[in-house]
Every structure is written in structure tokens, then in C-alpha cells.
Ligand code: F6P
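Presented below, as C-alpha cells, is a lone chain in the form predicted on its own.
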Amino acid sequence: MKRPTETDAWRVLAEHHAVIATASLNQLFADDPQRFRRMSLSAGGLVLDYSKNRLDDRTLALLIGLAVEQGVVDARDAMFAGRAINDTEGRAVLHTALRKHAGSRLDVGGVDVMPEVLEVRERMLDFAEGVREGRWTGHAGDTITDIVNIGIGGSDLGPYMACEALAGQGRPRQRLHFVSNVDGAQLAGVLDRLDARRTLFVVASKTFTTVETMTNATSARAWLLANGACERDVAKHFVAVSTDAGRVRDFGIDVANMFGFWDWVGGRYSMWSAVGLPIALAIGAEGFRALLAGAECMDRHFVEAPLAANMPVILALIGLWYRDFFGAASLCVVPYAQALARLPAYLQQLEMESNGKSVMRDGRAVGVGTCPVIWGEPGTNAQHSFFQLLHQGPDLIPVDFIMPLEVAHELPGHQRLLLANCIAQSKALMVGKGEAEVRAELSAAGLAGEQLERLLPHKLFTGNRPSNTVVMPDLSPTSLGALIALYEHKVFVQGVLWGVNSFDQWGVELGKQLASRIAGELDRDSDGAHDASTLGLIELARQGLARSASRRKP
């Protein structure tokens, strides 16, 4: 396995970067009127405009050469074939199998996994339709009005994001709520608004041992019992997304209402599985199948399109170009749709938990920067907060604009203004505003002499700041499925380019282990072996817990 810097392509790219790093985007467009046409791609109903990037045809050819040298095609084919490419955990990586249509076949270890995938999918969708149509009732015979998903990480971020994005679809009778934080204020704030007789809880935990999830689930169960239910009623108000039937049964959930998934489904890739039950409850079986179909369409494009015309590959290569050759340490994602407000948070886990690593598969240091910090907020709100930094800050921060064209609401004028702002911001980042233009504006405003010169530098925009724009036709389940699959495959390609395993997450383990140990120590007077800071914070925490306990006493 080669470090990326050990490839021939990397050496040539470094030489090429020294030439093109200062190239003017304005000049590149002036020299090539067909630049947008040549540097945009269509796939899965989406359009990717990557023309506003500091690259030319030679850059792209060299980046494609890097992808070839690092074996992107072979790695992609190994993933889709079900080989155990998650080598640190000895697992296949087959979230793509979850969106395959009926009639598909996929052998893993000589066994076709699709019958079981389809069985769980159909059983989950039947259950969702029963709740949506009022056939599933609470213990007193009342229809369900509120559904609370209890999970964390991939069992929360994906379903939450998708349900928010598709809130205009499906017209559910029920309200959905998401609880992930072990901070009891989140759960208490949800429960305070609910009727126990009409509430259904979905507890999502593969092992049914996730501390945060099970703490919240246990408190929700106690709330149900304190509000008129008895032990046998728990099964009418709780269902599980898990693989541990014993723990699910011990909790009081009927295992007939346990929806499983497989060890080849990583948490951050699991919204296509039974973890997506809240999505099915929100948009219905037909909508959920459309979500899968959109993702499967992008899967086919990823497998079939040549590298130079492959949307996930191009997006991945551009990201590496800025991260490792321009030193861009962050990527800003700005969806111009309030419904996609949770998309940046979802992508934070997808990208940073997957590729936020410094060690290659063979145990050696990567030797270059890997995943940038992912952040963002919806436009146009973002324009009135951090866009100042994007336009005039000292750091180069690439931006991914997400632009859905059609929306469900019928308020006149709003979407026109939203689209105009998205297009304008990508142009403003690129073209900037030079000294001559600023002088003319200030002169026209009546400024001259020292007053003009003093204000002049504050009004300059250097421009030449890169961005991609992903255009969605609408905010339908099909379009969202394609968008999420696009970013999943981008992450995969970048992992191959850097030589890291995108499908493990050992970095989350140490904090969990220490938290478990310290939680026990907070209940005791004796201290463990800690540094002075940790000991001091433990003592302060004990004092706070004691004050809280004294306030709760009658």
C-alpha cells in the first residue's frame, strides 16, 4: 500500500499546483466560454457544477491519475462485491445492499443476503403503515399521535435529517420527535408535551447497550409506567431497532416488533436499514422506497461511470485537491433549503467519523491531511453570520452549495429570492470586488481623499474562492436519496485515496471508556488515579450533583 505522497501522480500534482495555485477563476472562465458545460455532471437527477474551482483540464487528468494509481476502481468493486474491506473489524461494507430493489442478488460468503434484507424491509414498512393508518394503537386503544426516536449517532443523525428534509412529504398523522443527548433536559422537554397513551417510542441500538440510548429509553419507560401504563403495556408503546433479542425482550418489547440489521451496516450508513423506521413512519412505504431508489440510482452511476465523468469521484478528488495541496482545513456546506438544516450535522458524522484518521490501513501514518472539518448552516441565514469569513477571512475555505430548485410550499417570491441568493453567493466568492470597482463605488457615494482611502481596503473582496454547487430538482425522497449516496461515495473514494479505513471509528472508544469509569467515581468519595484537572472537575461535579439531589427532596 502506497502513501498518497509515494505515488507518481502526487509528485506531478505538487509540481502542477505550483503553477495553477494562483490562477484566476475569472480568467479561466474568460478563456473558456464552455467551462460550465465541460465542468458539470448529471447523475441521479442531480447536477454538480464544479467549474468554480481552481483547476483546469490538466489538474483533473492528474487527479484522475491519482485515483487510478491508488486503486479506486478495484476498491469500489470490492465493496459492491461484499468483500470484507473493513479490515480492522473483519466486515464487509454493504449499506448499498440495503437500497437494492426486489429481485436483486448479492452473495456474501456464498449466501445471498437480499432475501433477509427484503424481509426486514417489508416487515418494517408494513409496521410503519399500520401506525400511520391508525391500526397500531396504544394500550388503551388510542391511536398514536407522537413518535419518539431514541438513538444516537447514526441512529439519530440520518433519520432526523431525512425526516426534517422530507417533512413536506407523506402528510403523516403523527408528530416525530428525536432524542439523542443523555442530557435529560432533551428527553424531559419532549415528554412534557406528550400523552403517554398516544406515544410510541422507537429505540435504536444495535446491541441494546448504548449508554446514552438505553439511559433515555429506561427513563421513557419509567415515564410511561408513571402515567397509567403497566408492565405488559410497554410492548404497545415501544419497538426496537436492534440485533439483540434477549435484551429487547428483557426491556419489555415484543421481539416480533424488533427490526434487525447486520454487522456490515455501519451506524453512519444505516438510515437505509431498519434504523430508517422513523423515515418510513414520516413519509410512508412508498416514500421510503423512493428514497432507496434515488440512492440506488447514484450507486449505479458510481459503479458504471468512467472516473472522469463520475460525480462522487470528481467531488472526492476536488476535496483532496484543496485539503492537501491548498491546505484547506475545513469545508463549508450550505444548503439553500431550510428543510436541509440538519444536513451539515449529518455530513459531519459521515465525513469526519469516516476519514478523520491519521493512520493508514497498514498502520503507517498517512503523512498528509485527511478529512477537513465539516460545518455549515442553511442559506440565507448563513449569509448574515459566517459568510463574512468566507468572503474576506484569511483562510481558503471551499464551499459546497446545495440548491433544490422546486419546493412544496406555495408562498410567492420566496423560492425565487432563495435561488438568486445561492447563485449570487457562489459568484461573489469567485469574482470578488477589485480596487477599481470599489473606488468607483465610493466616489459615486460622494467619498474622496483620505476618507475614501481609509475605507477602501475594508471594501475589497479578493475573490478567487472556490465552490461546488449541487443542484437538486426538488426535495423529494428520490432526490434526497441520490444526494446522500453521492456524499457516501465521495467519502469512500477519499478514504481509498488516503489509504484509510473509512468504516471503523476507534477514535470514539477512549472517551466512552473513561466516561464509564468516571461515572462510577462520581457516586463514591474515593478518587481514581487521575491528573489534577480531572480530579478537580470530578469534585465540582459531585458538588453539583449533591445540590441537585437536595433540591429534589420533598
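From a predicted model like this one, the values you see are computed outputs, not experimental measurements. Each residue number is its position in the shown sequence, starting from 1.
Keep in mind that the form predicted together with this ligand is missing from the display, and what follows is about it.
Chemist: Does the 4.5 Å heavy atom contact test between residue 121 and this ligand in the predicted complex come out positive?
Modeler: Flag for residue 121 set to no.
Chemist: Would you check, heavy atoms only and a 4.5 Å threshold, whether residue 268 touches this ligand in the predicted complex?
Modeler: Answer yes; at least one heavy atom of residue 268 falls within 4.5 Å of this ligand in the predicted complex.
Chemist: In the predicted complex, does residue 152 come within 4.5 Å of this ligand, counting heavy atoms only?
Modeler: Residue 152 belongs to the contact set for this ligand.
Chemist: Under a 4.5 Å heavy atom criterion, is residue 96 part of the interface with this ligand in the predicted complex?
Modeler: Taking the distances in the predicted complex, the answer for residue 96 is no, it never comes within 4.5 Å of this ligand.
Chemist: Note which of 207, 451, 388, 443 lies within 4.5 Å of this ligand in the predicted complex, where distance is taken over heavy atoms; exactly one does.
Modeler: Filtering the options by heavy-atom distance leaves 207.
Chemist: Though this ligand is not shown, can you say which of 51, 505, 59, 70 has a heavy atom within 4.5 Å of it in the predicted complex?
Modeler: When this ligand is considered in the predicted complex, the option within 4.5 Å is 505.
Chemist: Since the partner isn't included here, can you check whether this ligand sits close to all of 40, 299 and 301 in the predicted complex (heavy atom within 4.5 Å for each)?
Modeler: Spot residues vs this ligand: no contact at all.
Chemist: Please name which of the stretches 314 to 322, 349 to 357, 176 to 184, 432 to 440 has residues with heavy atoms lying within 4.5 Å of this ligand in the predicted complex.
Modeler: Result of the contact check: 349 to 357.
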